[in-house]
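Shown next as structure tokens: one chain only, the form predicted alone.
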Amino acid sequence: MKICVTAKESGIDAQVEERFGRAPYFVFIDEETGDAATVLNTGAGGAGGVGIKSAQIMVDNGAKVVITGQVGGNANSALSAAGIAVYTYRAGGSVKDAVAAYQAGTLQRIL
């Protein structure tokens, strides 16, 4: 299963970005292999519709779980329609920390 964490920079040591649609990067982690890949969010600075575009990136990259701080209404609807679970992480840690918290079952599911 693929997990996506919103990030301020590339890689699993990057700090988690709390905004979903405006996150500069998305880090996708394959839980089975441990492989990680970073995708630049080219729509992060857009005027509108960034949440929906970001949700499409989740679908295109096969994410089943998203870890972020908050999700706007349009992105919430798009992620829900795609069957992607969303968990909140606001501890100020790294992508690696957020994934560990998810795997430990300590994150709150918001969608």
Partner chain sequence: MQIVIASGKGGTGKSTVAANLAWSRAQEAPVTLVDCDVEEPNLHLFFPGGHTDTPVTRLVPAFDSERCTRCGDCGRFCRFGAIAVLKDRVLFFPEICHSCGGCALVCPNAAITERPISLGRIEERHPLPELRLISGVMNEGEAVGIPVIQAAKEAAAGDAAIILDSSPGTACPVIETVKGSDVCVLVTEATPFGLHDLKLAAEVVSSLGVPACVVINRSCGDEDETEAFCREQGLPVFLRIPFSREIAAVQNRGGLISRDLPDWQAAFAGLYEQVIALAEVQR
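Positions refer to the first chain, counted from 1. A quick note: this is a predicted structure, and the numbers were derived from the prediction, not measured.
Missing here is the form predicted together with the partner chain; even so, the following discussion is about that form.
- Taking 78, 44, 39, 85 one by one, only a single residue has any non-hydrogen atom within 4.5 Å of the partner chain in the predicted bound form, and it is 78.
- At least one heavy atom of residue 56 is located within 4.5 Å of the partner chain in the predicted bound form.
- In the predicted bound form, the partner chain sits beyond 4.5 Å of every heavy atom of residue 65.
- Shown without its partner, the chain has 48, 49, 52, 53, 56 in segment 42 to 58 as residues with a non-hydrogen atom within 4.5 angstroms of the partner chain in the predicted bound form.
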